[in-house]
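One chain comes next, on its own, written out as structure tokens in the form predicted alone.
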């Protein structure tokens, strides 16, 4: 992430601290080459070896308390105004800095709900408590999850512009897949074709190579989070691909659906077309309901209910997640009120959040119909970031 974008995010973080009445936010880390805090790229722009504290205050002041051998590197990175190197122990310098801030609330990098805010290990947390011995700061610690959710979720114009570029490049690769598909090739061959194009064009993959892309052909597929198999694509199959790239540090995440025509067919069978249309219409309904202040589960219910009323089983996952520097980014999830999602479906959509909308349904004897689009939340609705799939792609 560029220095300019990091400084923008630090400035944004200070505004969020004021909004939430939190005095300081501290990311406490060590050996980030081994265990990387999810926020360090966005907040710091370099690694840390020894115990280190990166502090942002609601006044906009920033402090980096680091091992002495990393002082020159931190100066060169240029993301923190005040750099405090230490030699033998962080504790004295650490407490001196915090005593100058005199915080009543200290947000740190732990969370029970968000992996993006849960970078501190239990052992390092115990070390932090030891440093606070003799003070009352331990009683002032709170989770940073609300700050992280807002900071990662509220995309700047520069961030959204990069993601738009990523989406355009991703859709070009989907177009190549449409030309490549034919009966007799396997799901794995499609995935290898996509990965080869991605590498040649200099892009990264938005998630693990083992299942990016995921390719599903025909009935009884392996499942939404499984990799491609040796299954042969046949005429009469509905085919789906889930794929995204990493571009300039940001991700895309899209899905498209094809139908492999039988020799006597010039269009998809009625039941295939109906399943596709229900998915397409459910996405429209979700997008029409999205606006700042809506809770994630409220949007999920719109689509989930419509699909069930249309005669299909409910889909076994959330409707849509946020996307950014990671494929699953931000806080609020447009998902059902299931225990596995914690508090994320109860959080509110915010302006400039970027979400996927990705319902699915099973078309009996044919396969899975699903489309995944990407939208940005605006002050009164959404902006479509991806050009929508409005018709099922037909392949001979």
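As the structure is a prediction and not an experimental result, all values here were calculated from the model. Positions refer to the first chain, counted from 1.
The following text describes the form predicted in complex with another copy of the chain, which does not appear among the structures shown.
- Residues placing heavy atoms within 4.5 Å of another copy of the chain in the model of the complex fall in a single listed stretch, namely 37-45, out of 53-61, 366-374, 345-353, 37-45.
- None of the heavy atoms of residue 276 is located within 4.5 Å of another copy of the chain in the model of the complex.
- When another copy of the chain is considered in the model of the complex, residue 270 lies well away from it, no heavy atom lying within 4.5 Å.
- Put simply, residue 119 is close to another copy of the chain in the model of the complex: some heavy atom of it is within 4.5 Å.
- In the model of the complex, another copy of the chain sits within 4.5 Å of a heavy atom belonging to residue 226.
- This chain is displayed alone, yet in the model of the complex one of 280, 237, 131, 84 has a heavy atom within 4.5 Å of another copy of the chain; that residue is 131.
- For the residues 169, 161, 127, 192, the 4.5 Å heavy atom test against another copy of the chain in the model of the complex is passed only by 127.
- Judged against another copy of the chain in the model of the complex with a 4.5 angstroms heavy atom cut-off, the residues 105, 309 and 381 are out of contact without exception.
- With contact defined as any non-hydrogen atom lying within 4.5 angstroms of another copy of the chain in the model of the complex, the contacting residues in 326-343 are 326, 328, 338, 339, 340, 341, given in sequence order.
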